[in-house]
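Encoded as structure tokens, the following chain is the form predicted on its own, with no partner shown.
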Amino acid sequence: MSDNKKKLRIGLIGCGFMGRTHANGYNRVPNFFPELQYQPVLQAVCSRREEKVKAFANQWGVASYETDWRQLIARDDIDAVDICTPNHLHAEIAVAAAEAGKMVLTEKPLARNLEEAKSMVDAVSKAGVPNTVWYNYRRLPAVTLAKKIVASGKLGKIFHYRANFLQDWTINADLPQGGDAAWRMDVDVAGSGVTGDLLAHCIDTAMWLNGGITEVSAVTETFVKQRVHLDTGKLQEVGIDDACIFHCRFANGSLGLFESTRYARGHKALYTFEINGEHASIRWDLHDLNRLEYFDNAVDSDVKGWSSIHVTNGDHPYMEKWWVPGLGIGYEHSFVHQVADFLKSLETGEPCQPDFKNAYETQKVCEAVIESAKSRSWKGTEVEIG
């Protein structure tokens, strides 16, 4: 490490799928963003099972490990706590970390519900510590380019926003709920099903691109009503939503249509969005994440049509840090970019968005979606617009 760099000592809690993506982000940032004043150091990782967490530390170059997150937070050699746990632990860990004066980063969704989310917002606000939530799709260059295009006004007045996030991994009545592998199926741990897990991504991106959502009308379904719980071995009611469809109104007057399901056979992670404006439209597909499609109605009619922008040029967002035009990057790079943006925010003093307060607005929409489906009625979101 260069002597003129400031160390940011990371305490990573959780060493599953998201722990790996975050660790990779911290490890790669110094190579590709050498100008940053701060350099992350994987100081400690924490998980309950010692054998697992020790192996993770060895694989990812983490200096030490803990099996109790409270011990990690209590250490004086930790500057920032990064939460990669199941959702039910987000609030407790985040509040404790903030009270200990640590910076706090957490995986999405912010929490299981609004009450927990509010406690997290209050804790980081009271402590005055930097914070962010890993809605990583914002950091894919094509999505960031979409943000620039919308902000430029090239689309004109926005009429429609539509998005979906489709998977198929739960189409099995024998799949259990609970435990380390299937905690997303347990409502007490996850808080909700596809709404908090998948639609939260869609909602965050939508409000980042198109502004606040003011009201929603939703339908949810749980296709398998009972599953064996791994913690009890008993057949128990399933409380999460397997599928959700909702339509909405945005503050700018446009209409939105969102769909998410884990019962779309043939889809592992199909995430798309499309925005239709007065003058132009854009659309994006995670399966072709380096491309953004653009339709410009001002083009001469004989050559008018959808154009495919390969977002790999040096003047595209983030791409000057990588290879040469024509060579794409992948999913993992979005986490590298979020680490870089968080480190840059420490230099500038500006919040790294989405911070907890911003992610709380997404949580409001998720809660309104769940409540709308239960009541079969429109629900306002009370999202702060501006």
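No experiment lies behind these values; they were computed from the predicted model shown. Don't overthink the numbering: it's just position in the shown sequence, from 1.
As for the form predicted in complex with a further copy of the same chain, it is not shown, yet the points below apply to it.
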Exercise. Counting only non-hydrogen atoms and a 4.5 angstroms cut-off, does residue 137 reach a further copy of the same chain in the predicted bound form?
Worked result: yes
Exercise. Heavy atoms within 4.5 Å of a further copy of the same chain in the predicted bound form: does residue 232 have any?
Worked result: no
For this session: Although a further copy of the same chain is absent from this view, report whether residue 326 comes within 4.5 Å of it in the predicted bound form, heavy atoms only.
Result: yes
Exercise. Hey, in the predicted bound form, does residue 127 get a heavy atom within 4.5 angstroms of a further copy of the same chain?
Worked result: no
Exercise. Of 114, 257, 175, 100, which residue is found within 4.5 angstroms of a further copy of the same chain in the predicted bound form when only non-hydrogen atoms are counted?
Worked result: 257
For this session: Name the stretch, out of 269-277, 201-209, 72-80, 117-125, where some heavy atom lies within 4.5 Å of a further copy of the same chain in the predicted bound form.
Result: 269-277
Problem set entry | Candidate spot 237, 347 and 353, all three touching a further copy of the same chain in the predicted bound form (heavy atom, 4.5 Å) | no
Seminar exercise, completed: Checked 215-237 against a further copy of the same chain in the predicted bound form; residues with a heavy atom within 4.5 Å, sequence order, are 215, 217, 218, 219, 220, 221, 223
